[in-house]
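Taken one at a time, structure 1 and structure 2 that follow are two forms of one protein chain, written as structure tokens.
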Structure 1
Amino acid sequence: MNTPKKRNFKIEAFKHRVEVDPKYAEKTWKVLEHAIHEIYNHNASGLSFEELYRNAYNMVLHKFGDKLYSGLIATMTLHLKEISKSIEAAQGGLFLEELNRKWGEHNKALQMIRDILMYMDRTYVSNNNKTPVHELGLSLWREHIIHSENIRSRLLNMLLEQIYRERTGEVIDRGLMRNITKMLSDLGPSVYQEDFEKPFLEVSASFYSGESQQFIECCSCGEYLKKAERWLNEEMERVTHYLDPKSEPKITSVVEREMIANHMQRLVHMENSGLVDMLVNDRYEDLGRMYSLFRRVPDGLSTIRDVMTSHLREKGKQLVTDPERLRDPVDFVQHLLDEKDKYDKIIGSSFNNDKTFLNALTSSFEYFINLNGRAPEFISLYVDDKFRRGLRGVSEEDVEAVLDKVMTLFRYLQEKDVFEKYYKQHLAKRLLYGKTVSDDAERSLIVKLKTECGYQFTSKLEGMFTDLKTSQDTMQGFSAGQGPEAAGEGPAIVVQVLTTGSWPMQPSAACNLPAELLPVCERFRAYYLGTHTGRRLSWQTNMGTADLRVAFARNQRHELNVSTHQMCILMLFNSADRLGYREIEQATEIPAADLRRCLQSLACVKGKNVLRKEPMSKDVGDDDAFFVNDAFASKYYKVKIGTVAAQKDSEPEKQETRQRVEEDRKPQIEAAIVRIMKSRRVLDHNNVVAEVTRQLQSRFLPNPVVIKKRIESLIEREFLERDKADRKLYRYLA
């Protein structure tokens, strides 16, 4: 079969040239030029845009794009020069209105012209890197109108004048201003920035500099801040209404610099109205305004924070060193808590709970609380007062709130172990004498202390509660084992068995108990030692209480609540009408200091003097004699007779207490050193000190000198050794 032969097709150009009328371009341009004139003269309604588009299309198609483009420039320039004269001729306030009106007309004309010349825009302009029609119209407007010698400066002055008038309280046409500034933005960022924004910011800086100088001389700090806030808000509102959004950070920065940053120090230190005055008088609104304004400028918040910290430290120092305040520990701590509440509220409501301010508050309290060496004792006394009577009838939520506040002060203490020492003593007395208003509240505080400082801190405190619970069970067993016959014989006793290591009291010699008590005491001793092997009982008669029924003359009967020592003294008068001091001392063997205080309580306190003393005086002498006061009378059947408080610790006794604390710290420091060296094996002196301090700061702040002494002690006992090459390097010896 024969395959068909392929045939190639070819399209060839016309053999003859298409001749174009030499006058075609000129005629067509005249039509388009006339149309542009009519558009600018507002006579566009009679034009055929379809025909005009076709004419422009044909000109570009027939390679007359150059003529069309250059003719467009010339025609638009001609009209813009006429527009420029019209705008220049406008007088006063009509200038901006005429400019705005002509701008609107130019934009409409530009839109129509762009529609007619759309094909030129798409082909000729893009192929020849020319400016598109719309951008060309804006460029010509910028050149012949905005940058005209007679318009440029006049436009700027008119805009700045309008803004000044508005700043001084006059009402201006914001719509007109918005149109003009938008025109400048549409003409390009550089036009808006160079021809308006830059001079606007310079004039604004000058305006606010003058205003700030004027107002700071005559206004208080609070009033000045209100004005600054109002001006700042007005500028932001002005941007919203008729300026470019990008101007907002620039103009607000000008206001912040001129109104706030340049006057920060003077404002915060202003006499009778500055920051300190606001803090003292709880002016939360002014403080909040200062915070919100100062945070906008560099170093603004640090300026407020530094002044607040300085004031708070100075005030706190006065508080903790004021001799009048130190007379009442409860009042002392309450003032600290009130001060803490005050600044918590200020930081919360005015300073937006700023963490840097909270940290400054914490560091300030840590600084001045630890200036007073008795702060741990005072905080413990405050807790003691609350648990004895201050929390009676208070809701559970309020109790928790008080305990949380106490814990806040506790965290500020550097010597937490000193607080533990006093708290343990006060807790022991509350528990033994049944003076606490709520066991649940006591346990809640111990849980908080345990969470804060760990199990070791509270193990002995928890042991006290365990002892009391065990004692209740022991007494139930003892009572059940006595039987009804023994229960009716002699006085009844309630014994609390305390573990020696858990309670803070020092063992003391027991006094001679009355003969009536000895049988029941011996029965309890026999019962307890019979149920617990390997234990030893030691009576602590200086800690107990007793209820005595007493018959006075004229059939006056009362029930006296007294201490165990006072009970021993009073029971002597069952067999004697008169006893001398030395006889009482010999019969009871109560330590002299305690005996004198007991006798003072029984014979020298008005209204509680169940004994008489000869000679009558406030002090008890070795030769004094005592009698039952038959004339004693009270409107109450039950009478509580307290014990005259011991005199406050003398300076040597305080030194002894401090010495005991220091001794208790030594094994803790040594244990920390050994733990660190055991894990590190080799460590230099400075790092040992830093690590020991870090580990122990939750209980106390160890002295580097003491740490060094403990290291020397451990080296002597061969726990550590010095490096032979470097004496500052320590090695752990397994």
Structure 2
Amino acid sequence: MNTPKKRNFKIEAFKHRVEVDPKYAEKTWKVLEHAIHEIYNHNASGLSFEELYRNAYNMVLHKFGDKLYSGLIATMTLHLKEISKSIEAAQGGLFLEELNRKWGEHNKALQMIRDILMYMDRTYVSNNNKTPVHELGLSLWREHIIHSENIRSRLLNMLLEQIYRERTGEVIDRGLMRNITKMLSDLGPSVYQEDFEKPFLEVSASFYSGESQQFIECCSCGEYLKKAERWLNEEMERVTHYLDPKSEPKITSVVEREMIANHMQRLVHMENSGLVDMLVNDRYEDLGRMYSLFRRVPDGLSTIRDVMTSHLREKGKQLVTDPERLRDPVDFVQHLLDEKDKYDKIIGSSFNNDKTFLNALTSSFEYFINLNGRAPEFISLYVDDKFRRGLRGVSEEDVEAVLDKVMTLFRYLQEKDVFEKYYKQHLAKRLLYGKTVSDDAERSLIVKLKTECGYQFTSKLEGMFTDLKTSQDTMQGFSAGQGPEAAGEGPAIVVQVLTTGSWPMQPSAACNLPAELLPVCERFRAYYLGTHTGRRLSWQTNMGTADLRVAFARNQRHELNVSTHQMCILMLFNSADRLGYREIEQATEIPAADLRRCLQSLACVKGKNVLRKEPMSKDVGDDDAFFVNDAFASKYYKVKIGTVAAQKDSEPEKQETRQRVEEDRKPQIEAAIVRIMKSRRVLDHNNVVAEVTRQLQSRFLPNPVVIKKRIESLIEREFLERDKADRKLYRYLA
């Protein structure tokens, strides 16, 4: 703790008494003050920068900084007060110009003064925490000019008036405006904001509020949006020309709020021109404008989306429930596809392919397509029509395009298994009657279905194709094995051997085939069973077709293409001229419903009535009698006799299909439940239902009640039990 004694060395300053004139400070200041006056009076050319700098330097050095600084303030204030008077005196429009000019001069003067007083700025100002000269000049300007009573409000009003005039179409001096706003920002962001921007935004808000009110009363939605867009662009342009860039988001948000957000609902719902009208009339440009404007405001896009969705759902619902439409399934599906195309295009070209809009589109379609329980059937019928006729002569790419569209509709379906059922039926008919336009297209769709739903979904469909291919080979083998004597005599047959289970038809009782056919049928049976052991053949006479050569009276020869049943009926007339309905029924043993249809198509269709019926009427009665129509005439040699049949499923058939579908679902649901419970062991009811739904939704949407029933059935069969304590839980019983 002992500090050694220190010897203080001190270098004495050179003792040289400097004479300081007591009046020195006063005199030097006078010089500088004079110089400042001169600068403000534009007489700076006569001043010596070097001398003035030295004077100021000396003053600071001799501790007269205070005097210098306060003198500067006083002098500048004096000048600014004069300036303020001259600005105030400026009349009308000259006011801004005068202000601008004076501002320019003040800046120049400030520059020079700062240069002279540079030393003070560096030492005195920073040591004493004073405001540097330049900033001081600005703040004095702010205080004495901008915030002076007579100028402040006048300035603001002038600026706002200029902008108002520009908004109403007049041309204003944008350069001047830019200088003034630049001045305000130079004086500090708060000055720009408080003295200009804030009132500017308020005035703009009320301007646009008024304008929007006025326009919305008299304009259509489209026109209004055009105006809004133009205004928005104008404001943005204004910012780039003469406002601070930071103002852009603020002013655009004012326009957005006043022009769009406040009127959004009204615009969207505007009668005869709102969103719905635009959608209906495909007004892509207006829609695009609405999208780009609305996306700027909160909830804007969701407003559009909601209205679009509800319109789409409403329209879709009408479409799928309109009984008129249900008459023509092809037309029905075509309408759906057109609707889909239309909205795809709108979203693509006007809504920027917005994901959320596409999702809304999908969910809307899913919603209304499934409102109609027959949609799966209709889509299959549409495909059927395309494959039978529609795709003839269409290029491969176009075929693919059609199929892809069908697939999108298919994806919307909840009951994909119902579609599968119908598709199988329709495909079977196409294949068996050789009605399909293109095998490649058929296969292509099956590949698509396979990709979408997995192997299981299409395996039977593929099995059908395989059967036909095998049948061709079998027939080749069969006819090769026949002696030439057999080939020449009697009728020829083509047999398609179908695997039971792959094809959707129910086994039905065969009708009595004409005696002429029996030998060849027998030969085929013998051949087939000879080549394959352990198989059973049964004839599906309700499925085939036949070509008959017929000679009518007056030597009219025709080849008739008829169904197997019709062939059986016609062959009866080889040995009889007149046959009653009952006789025919007895001889052929064709089921009554089919028989009536066959007879109807043979006797009641104009131009194809190869039979004549007594009495002449549309329907076939039990006591009707039939004759060969000798007067039959047709300009074609080959005549195809169709079968009178509703192409759509008839009512009982429909219910039967429905029931089959329901039955098929039961084991699938049970399998899913067991699968889930096996892995989870214990699970609560809601989760079981959710999980089952999730697992099955690629095929159909199981009804929770049905799931519950299946669970109960599984409980009864002791695959599951209820938890003793927690009633929500099921337990898996191994």
Partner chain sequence: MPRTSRRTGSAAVNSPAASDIFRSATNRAISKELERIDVLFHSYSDSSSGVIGPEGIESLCSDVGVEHTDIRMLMLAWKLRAERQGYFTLEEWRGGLKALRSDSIGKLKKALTELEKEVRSPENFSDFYSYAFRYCLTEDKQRSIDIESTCELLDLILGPIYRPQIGKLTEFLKGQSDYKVINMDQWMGFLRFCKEINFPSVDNYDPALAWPLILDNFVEWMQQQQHGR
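For clarity, every value in this text was computed on a predicted model and none was experimentally measured. For the two forms, the rigid core is made up of the largest set of C-alpha atoms that agree within 1.5 Å on superposition. Each residue is numbered by where it sits in the sequence of structure 1, with counting from 1.
Between the two chain copies, the one drawn from the form predicted alone is structure 1.
Relative to the superposed rigid core, Val280 undergoes a CA displacement smaller than 2 Å between structure 1 and structure 2. Once the rigid core is used as the reference frame, the Cα position of Glu98 differs between structure 1 and structure 2 by less than 2 Å. Relative to the superposed rigid core, the position of the CA of Arg557 differs between structure 1 and structure 2 by 2 Å or more. On core superposition, Ala625 has its C-alpha offset by 5.8 angstrom between structure 1 and structure 2. Core superposition gives Lys469 a CA displacement of 3.2 Å between structure 1 and structure 2.
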